[in-house]
Ligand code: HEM
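So this first bit is one chain, no partners, the form predicted alone, shown in structure tokens.
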């Protein structure tokens, strides 16, 4: 097995600037790496990461979330297993699929997207990241939960601190403290709202969570608070980066952007390919429950395993010409891309497949349609080249665009 000293370091400035050459080197020469700084084994090939996520032999657990998520969220559904996990997932999942999503929340998504677009549609210019992407999913989640959108700045500050905590691979003490402080602040904000909502149920998601019951089990105030914290962070950060990345990828491939303008049914394919090519989350961790043989060697029992989604999703063993963005590729199945049968790894797989995948799909489809309607000749601002930033999560930090206002 190789060591971190012989392979690209995921904490190096060079990796942060452009991880994709390092990913290729890992897949080819160092498919299993012991990384001293993070005290974890790093895997990068598609088959290995897929095996960890699907975990058909119960070789892996989510015990890492006890120290990775609980300090900022409290105990979440992601830490549970077996029947306890199945029941908790059954309590929350119905709100994110089927009639609840279609009837209750699609109008919420449409309304929040339009409100943001209306602020810049007549100007001929916008920064897709700061004017739209960072605001849209957080506003949607706050609206779904029946929270006051006037507190948007607080929500955004909280989820930014949480994501920084999760990506704090170097162990910065200030980042750790800010994340832990967020848990206290969010609890002080949410618990009184949850208690009031139990006595005054409405049509919002928070009321649904308060009233949900499966096999005699209901969610406690702490359960609901932790889930809302997870939803704000995971749903905000990932959809934010996904929307910015889709548009950046299309703008860098004008013929594909033109195709999407012409045929909006291609938006799901553009989203699926973006999830493969530039996923919002580049790494997810697990714990090994036993010694496990993978490409390059053995992961010992009880180890932390860092699964490099960003590397696995460009594995040449799985995809043809993987470093090319192509919404027409024939080795990525759009119809299953937002389900546990996906053939990319951006939402994970198996029993911990992202419960909000269909919500993200709805947000992206509605948002993209409305953005393209408002900006019929979308183009990058002169001289701007989209640059991704981030290691744990990754996406454009700015995306200034120009367009001719409709009717101008």
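Because the structure is a prediction, the values reported are computed rather than measured. Numbering follows the first chain given and starts at 1.
Another form exists, predicted together with this ligand; not displayed. Remarks below refer to it.
Taking the partner from elsewhere, residue 310 is found to have every heavy atom lying beyond 4.5 Å of this ligand in the predicted bound form. Among heavy atoms of residue 247, none comes within 4.5 Å of this ligand in the predicted bound form. For the chain shown alone, residue 31 is not a contact residue for this ligand in the predicted bound form, no non-hydrogen atom being within 4.5 angstroms. The shortest heavy atom separation between residue 42 and this ligand in the predicted bound form exceeds 4.5 Å. Only one listed stretch (217-225, 313-321, 193-201, 233-241) carries heavy atoms within 4.5 Å of this ligand in the predicted bound form, and that stretch is 233-241. Looking at this ligand in the predicted bound form, residues 272, 391 and 396 place no heavy atom within 4.5 Å of it. The contact residue chosen from 281, 128, 332, 305 relative to this ligand in the predicted bound form is 281, the criterion being a non-hydrogen atom within 4.5 angstroms.
Residue-level contacts in the predicted bound form: of 355, 378, 340, 366, one residue has a heavy atom within 4.5 Å of this ligand, and it is 355.
Contacts between stretch 335-362 and this ligand, counted in the predicted bound form as any heavy atom lying within 4.5 Å, involve 346, 347, 348, 351, 352, 353, 354, 355, 356, 359, 360, listed in sequence order.
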